[in-house]
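Single chain ahead, written as structure tokens, the form predicted on its own.
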Amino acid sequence: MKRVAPIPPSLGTRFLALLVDSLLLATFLLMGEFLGRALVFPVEEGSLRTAQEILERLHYAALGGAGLLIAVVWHAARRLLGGTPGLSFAGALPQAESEVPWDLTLRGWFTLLFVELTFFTGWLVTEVNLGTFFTNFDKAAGVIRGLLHPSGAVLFEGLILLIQTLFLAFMATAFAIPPAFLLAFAAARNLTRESPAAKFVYTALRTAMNLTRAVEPLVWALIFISWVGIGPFAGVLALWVHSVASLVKLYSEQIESIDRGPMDAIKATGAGTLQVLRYGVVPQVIPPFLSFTIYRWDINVRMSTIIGFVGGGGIGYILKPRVDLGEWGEVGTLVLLIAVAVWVMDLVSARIRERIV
């Protein structure tokens, strides 16, 4: 039987693989330089250098260029050296090569060393010190004693602001549902691959949502506080923006996993695009959409406690000053209220999701 030659990867796939390999190799070299400076030459001018100081002195441009050069050489010599991690990431490895055990390939050994180097670099960058953690426990004993002996002085005010926290999260979620529902269809790959314009909208929308979701709600809260002032409305807006981006991602990924059978059947009857979406897509996604929405409200309840730290309303608004003043008994009361609210929310949301899905 004649053996069919594998289809060579496209130009776009090769570029993606080269880009991934360049980034991986540059990161590998930078982590190597960091470890060398931290372990071999840790002292400079009579003082121990911090991780931040070492990071500031790494040769990013030079090692980035070296990573690109090594990636180009590896791609050029891949028949001799084997496929690269980038080709594996892009799904462009020949089947025969992808079935070879990892320990028999340069790609596999590089991946193993990269993971190990990342762990050791992360240990030093984050300045992990387990000795301090286990030997200085007495400094935290007072805080823990206060948390375990809640004070009733702040109970009533905490309950009032806890109600505000729950509604803050609810309003942010409710406002996020309509725009997220509409945008999810334009952000689903399987619904936007029939025309260049739809593909452009898909790419632009996905990029915008990713960027929006990358900004933490705490930062959005600071932006809206400067816009509408301190208070729960700024917290609602901050959580709303983040919720829209997150729900668009969840909704669109659910749309991408639907069965195309009903869509094709409805389209065959001559139905328009809106009719196909209404009768072929929406009935399949409503139950998981409801589940995702409840889950998002659950997340917003947790986030709203932190939003209050910067003036976004809710129970976090009175929690932050008490932490700063070391009033640990009152902090314990507020933390207990938050924990009970989150626990009840977990029970309720889990029961609702069981009924829906």
Partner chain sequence: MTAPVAVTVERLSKVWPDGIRALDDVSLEVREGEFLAVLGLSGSGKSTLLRCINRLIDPTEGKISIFGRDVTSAEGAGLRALRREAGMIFQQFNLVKRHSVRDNVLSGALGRTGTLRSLFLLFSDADRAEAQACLDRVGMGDRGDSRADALSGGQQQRVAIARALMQRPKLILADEPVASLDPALRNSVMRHVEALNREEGITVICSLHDLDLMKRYATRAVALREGKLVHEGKPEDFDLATLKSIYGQEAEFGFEAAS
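Residue numbers count along the first chain shown, from 1. None of these values were measured; they are calculated from a predicted model.
Below, we turn to the form predicted in complex with its partner chain, even though it does not appear here.
Asker: Which of these residues, Glu116, Glu99, Asp264, Asp138, gets a heavy atom within 4.5 Å of its partner chain in the predicted complex?
Answerer: By the 4.5 Å criterion, the partner-contacting residue is Asp264.
Asker: With its partner chain left out of view, choose which of Leu80, Leu211, Leu112, Leu274 has a non-hydrogen atom within 4.5 angstroms of it in the predicted complex.
Answerer: The residue in contact is Leu274.
Asker: Is there a heavy atom of Lys199 lying 4.5 Å or less from a heavy atom of its partner chain in the predicted complex?
Answerer: No, Lys199 sits far enough from its partner chain in the predicted complex that none of its heavy atoms falls within 4.5 Å.
Asker: With a 4.5 Å heavy atom cut-off, would you call Pro94 a contact of its partner chain in the predicted complex?
Answerer: Looking in the predicted complex, residue contacts with its partner chain do not include Pro94, since no heavy atom lies within 4.5 Å.
Asker: Is Gly146 close enough to touch its partner chain in the predicted complex, meaning at least one heavy atom pair within 4.5 Å?
Answerer: No - in the predicted complex, heavy atoms of Gly146 and its partner chain never come within 4.5 Å of each other.
Asker: In the predicted complex, does Arg189 come within 4.5 Å of its partner chain, counting heavy atoms only?
Answerer: Contact check for Arg189: no, nothing within 4.5 Å of its partner chain in the predicted complex.
Asker: Work out which of the listed stretches, 256-264, 232-240, 202-210, 163-171, brings a heavy atom within 4.5 angstroms of its partner chain in the predicted complex.
Answerer: Among the candidates, contact is made by 256-264.
Asker: Note that its partner chain is not shown here; using its position in the predicted complex, name the residues of 277-297 with a heavy atom within 4.5 Å of it, in sequence order.
Answerer: If the 4.5 Å heavy-atom criterion is applied to its partner chain in the predicted complex, 277-297 yields Arg278, Tyr279, Pro283, Pro287.
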